[in-house]
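Heads up, the chain below is alone and in the form predicted on its own; it's given as structure tokens.
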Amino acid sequence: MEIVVAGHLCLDIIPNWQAGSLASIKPGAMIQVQGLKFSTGGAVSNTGIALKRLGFAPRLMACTGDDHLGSIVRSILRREGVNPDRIASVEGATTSYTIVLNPPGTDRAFIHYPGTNDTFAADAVDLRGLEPGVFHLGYPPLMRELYIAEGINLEAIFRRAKQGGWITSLDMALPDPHSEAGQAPWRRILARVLPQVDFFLPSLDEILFMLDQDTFYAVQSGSRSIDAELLDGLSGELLDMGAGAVGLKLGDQGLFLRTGAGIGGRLGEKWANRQLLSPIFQVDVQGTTGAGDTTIAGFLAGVALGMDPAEVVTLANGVGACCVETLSAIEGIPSLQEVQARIQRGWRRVLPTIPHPGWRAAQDGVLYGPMDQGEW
């Protein structure tokens, strides 16, 4: 099945930070690191290359500049066996880049320049001549043309894909709250776009910021805990907006999936009215860069292969777990067969600590909610 990954693409510059923390960054201070890695970053690269390593042949659609950074991006993609022929080169523009600060023992922070990602609009996606399969777009909050005018370009992209027979998927990113993107009317943008989206796959933080900032800041400060009731409320609201299915990435708490009735008509009744929580797999975490994007790669792979929802979220967790075993976003991604074999050998899961009363654990390691209507 054809898989297209579109949207945000940049060059990640990743210092190998072995000691200290983000608190070490102070005026006049010097922080010694142990080398530097260049890696393509963003949803197009992380999800796309992960799919390639899993054994697929994804088509990538993005924008870079015609500069040295753009040349590095293309050389990395070619080295990974991914053809960059559908990535546009914008004359005289600067390729987007991100400096990834990933000290041990804490979540990462980013210094980001949007560059050519801000020029990516509806005409950057051309699906003509391709056999409809899975279409995924990532990080519209980091791409100006996709969130201005209440998301008119974003809606146009997904409407065209949906009308063309593609299974559609959308991932988000957490914008700077003080930026133009952070002030965008995300509730109205989502209400406009989600009726064209089969799989909406944001992180919990991202969707809380967009729909309920009071709760977002309460969770960030620790004054509000995460529980199944919160996840059900958010996912129910997103389904009511028109999404076919909602997958919430929960970090070390796993992957939550809730689907509506309508998606069963597109993907089969096994997808209708599901409520699942897939715990993460036990690994030695080296870095979290790309964890969400590679989890989505596993999710899209499962969808493309026709797996049932429990198998899809399990594969998604498996691919994401392989990612965090290395420092870079995609270095640790093996073949699909290797991930599946590791799961089948009884790869140990880490049960979530969030309260989930009424949920049932099954032999496959997935938790099934009280509203789940699947057969298991």
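No experiment lies behind these values; they were computed from the predicted model shown. Each residue number is its position in the shown sequence, starting from 1.
Although not depicted, the form predicted in complex with a small molecule is the subject of the following passage.
The three marked residues, I280, V283 and G320, each reach the small molecule in the model of the complex, with a heavy atom inside 4.5 Å. Note that among 252 to 260, 213 to 221, 185 to 193, 147 to 155, the stretch whose heavy atoms approach the small molecule to within 4.5 Å in the model of the complex is 252 to 260. A residue is said to contact a partner when one of its heavy atoms sits within 4.5 Å of a partner heavy atom; V125 fails this definition for the small molecule in the model of the complex, lying far away. In the model of the complex, the small molecule lies farther than 4.5 Å from every heavy atom of L336. P140 falls outside the set of residues with a heavy atom inside 4.5 Å of the small molecule in the model of the complex. The small molecule in the model of the complex comes within 4.5 Å of a heavy atom belonging to S203. Of the candidates V100, A161, A291, A301, A291 is the one whose heavy atoms come within 4.5 Å of the small molecule in the model of the complex; the others do not. None of L69, V324, A310, M61 but one reaches within 4.5 angstroms of the small molecule in the model of the complex through a heavy atom, and that residue is V324.
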